[in-house]
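Let's start with one chain on its own, the form predicted alone, as structure tokens.
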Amino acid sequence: MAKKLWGGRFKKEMHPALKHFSYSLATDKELFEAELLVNRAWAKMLAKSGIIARAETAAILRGLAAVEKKMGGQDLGAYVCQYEDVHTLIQSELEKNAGAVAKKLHTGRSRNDLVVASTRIYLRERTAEIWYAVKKLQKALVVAAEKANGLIFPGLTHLRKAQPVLLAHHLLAHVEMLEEDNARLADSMKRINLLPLGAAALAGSALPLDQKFLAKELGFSGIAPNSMAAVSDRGFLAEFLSVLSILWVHLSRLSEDFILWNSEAFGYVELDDAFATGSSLMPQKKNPDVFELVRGRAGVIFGALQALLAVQKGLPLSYNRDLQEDKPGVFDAVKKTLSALELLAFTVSSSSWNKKALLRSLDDDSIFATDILEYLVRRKVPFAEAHQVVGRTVRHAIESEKQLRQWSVQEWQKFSPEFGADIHDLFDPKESVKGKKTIGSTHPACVKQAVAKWKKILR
């Protein structure tokens, strides 16, 4: 019979149906490595505090090493039906290796503070991995921006052509958004990296537990200031999923851009065959599945956040078993995020640009309307008046089916006497982007500086 960490006051064994319903090893096996770290630190602390003998700690540490050698790096699925959770699995295996002294390891703690400690360590490590994976995607976008050197296309608002912009400028917009995501990840560490050990079940412990030693040994930057909050609040997990959700909003928007650009209607980008799929029926199809899967899985991440918020919203203090449901969505979100970031980096960096399609997209004089507006403003025409004038010119061009660049100066001056022969110089996308003067604009010099900046930051 598998060992439990409780049971003295019970006459009956747990019903098999309840075991199936409540056992969590299938999920919290993800915490195995973090749990071993906590156990080692805890055993050392117990000896340092004089709660157990140093020889006993040495025996426990040897036993933990044997457990790690036996189980570390392997799928623990075979044990799912035997043990209630990862804590019980490790404790049971430890007792097989270290004997009766292993029963002293749990002194002064509860699974309540133990699981939070392990979860925080797991999250601390995964947060760092995601941060680096975001950097790799940023590098891929900078590579794509360099490939797009000098290429111009119409930026969109409301999914309609708006103004000429450098393609590199558009790609760097995604780099900037991802940088904010990484800033949020880094900031969340302030709430993640707090030691909950010593909170025990909810009230703390009467034993002389050295929490400062534990914090230093396990790399925590501080100690949870309230024992009840330490074991029962999952705000740090909700914040983590919130940060991931915002990241996935940005990944989804990036994906949508590439899905549109890859469509026949746009034709701006060609995906590498290694990162596209085909159709089981239509032989001609080459589909942007990486981007579509990312766009779809964003909804799964949002769902994980909503589920965690719903689990916590009505819980009285302190710990409740409902909180066992805090981890499945988090673990799944971590795996999906790391996988998506890796694939997006590969797909983006291996894509190529269709220069002819990008050039064709600029064959629409209406995208220079704002340049014409600012031309009039520079000639001291009031902005509102200039806006009306240009709006009328665009309408007339549509109705007459004659491109604006084909008009004579005399035709232009029917709308405003401020138009001169130099009006025709505006219908050049290169001049349009070079005309921008504001910080962060699509001016080639600004974009060049931004590419250089990001290459330096990301190298």
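Just so it is clear, the structure is predicted and the values come from calculations on it, not from any experiment. Heads up: residue numbers just count along the shown sequence, starting at 1.
Another form exists, predicted in complex with ligand ARG; not displayed. Remarks below refer to it.
Looking at 61-69, 24-32, 406-414, 422-430, the stretch with residues near ligand ARG in the predicted bound form, meaning non-hydrogen atoms within 4.5 angstroms, turns out to be 24-32.
Although the partner is absent here, residue 120 sits far enough away that none of its heavy atoms falls within 4.5 Å of ligand ARG in the predicted bound form. Heavy atoms of residue 82 never reach within 4.5 Å of ligand ARG in the predicted bound form, leaving it off the interface.
Contact check for residue 160: no non-hydrogen atom falls within 4.5 Å of ligand ARG in the predicted bound form.
The closest non-hydrogen atom of residue 87 lies within 4.5 Å of ligand ARG in the predicted bound form. For the options 337, 193, 112, 262, the residue carrying a heavy atom within 4.5 angstroms of ligand ARG in the predicted bound form is 112. With the partner omitted from this view, the residue of 331, 319, 220, 275 that lies near ligand ARG in the predicted bound form is 319 [heavy atom within 4.5 Å]. Contacts between stretch 313-332 and ligand ARG, counted in the predicted bound form as any heavy atom lying within 4.5 Å, involve 319, 321, 323, 324, 327, listed in sequence order.
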